[in-house]
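Here's a solo chain for you in structure tokens, the form predicted alone.
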């Protein structure tokens, strides 16, 4: 993939029109008041039929799993029909188009309000996605669809006050088995996106195994509902950026749950691997977020440089300003190519490794911050004012270097992968 197709461009224009009509006029309200963002996000989901598509995909998967559970699923043919080159190309193109359609709303939203993407992505992609990929059939039917359509809001809770980058090693939250086959959950989670308003929470903790060293104890995930006895959700935090994405803290004190809430239904499930899969998805998505921020910063900077007159001429005529704009464009092109490559990978039924996703996130986050800094610099004193959008984009870009694993953690994953390769 080397460019957006005409169909994708059409979708992009439609998303941009929605944002211009529904989000841009409310940007101050979303960013500087206590208004939760979910109503406008739900309107977007419904406007573009994202809820209908999610429902159709969900029903198709559930029907297949029910048939498999009942032993009535059609067995795979022993010999699959070999597709022609043209059929393979058409299949790949269709899947690329599907993946591009998922990326474009992220890019467009991040041109104005990256916090909205964070709130929506965690609810649909992390919370809903975790249940859809790792849950039992019963758990999927009970909890997944309302999250995938944004009817309900989800949170994915792993970070704790003393375990940020060292999410597993420093984890203190515990699940204790009871004699009647239930679990008692205790712990404190912080920096949880959607935490204050979440209807459904994926709570990640260690199993209380006294005879097992803490680093070797099982990591489990539980599905919790708002209002459960012993579960407290804090008010939204005040943050440097992404104000439209509510962030809070969770407190669990003797929350009693049954095995029906244990994600996957078994202690032998993939608590650690499931979390790592989530990190891979989250980090890959940061590239699309950064691309939206960079595109908007560049667009605003070019416009301002042409209009701003100093020393009798537009500042766009000064070489130092041209150098800044040129570097911003290089970052935009590089990041867009990363996004295109990611789409092609998924279209060919491949997924980036954790190290590849970390490389994407590292470059994307650093590029977004650098471009946003230069955008503010080009705008001078105006760039420091709230009325000029680059001020918000700079604040919002910084979180990309922190959540989903800091830059330093990304470097560790990339280097570890390089140093353990054979040959």
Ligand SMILES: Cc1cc2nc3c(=O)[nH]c(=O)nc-3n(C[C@H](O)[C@H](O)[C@H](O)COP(=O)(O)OP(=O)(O)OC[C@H]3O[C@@H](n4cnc5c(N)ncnc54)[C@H](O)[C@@H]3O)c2cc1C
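Numbering follows the first chain given and starts at 1. As the structure is a computational prediction, the values presented were derived from the model and not from experiment.
Although not depicted, the form predicted together with this ligand is the subject of the following passage.
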For residue 98, is any heavy atom within 4.5 Å of this ligand in the model of the complex, or not? no
Is residue 293 near this ligand? Define near as a heavy atom within 4.5 Å, in the model of the complex. no
Can any non-hydrogen atom of residue 402 be found within 4.5 angstroms of this ligand in the model of the complex? yes
Would you check, heavy atoms only and a 4.5 Å threshold, whether residue 244 touches this ligand in the model of the complex? no
Tell me, which of 191, 340, 168, 197 has a heavy atom within 4.5 angstroms of this ligand in the model of the complex? 191
Answer with one of 331, 158, 252, 262: the residue that has a non-hydrogen atom within 4.5 Å of this ligand in the model of the complex. 158
Partner-facing stretch of 205-213, 175-183, 349-357, 149-157, counted where any non-hydrogen atom is within 4.5 angstroms of this ligand in the model of the complex: 149-157
Joint contact, 8, 11 and 91 to this ligand in the model of the complex, by non-hydrogen atom at 4.5 Å: no
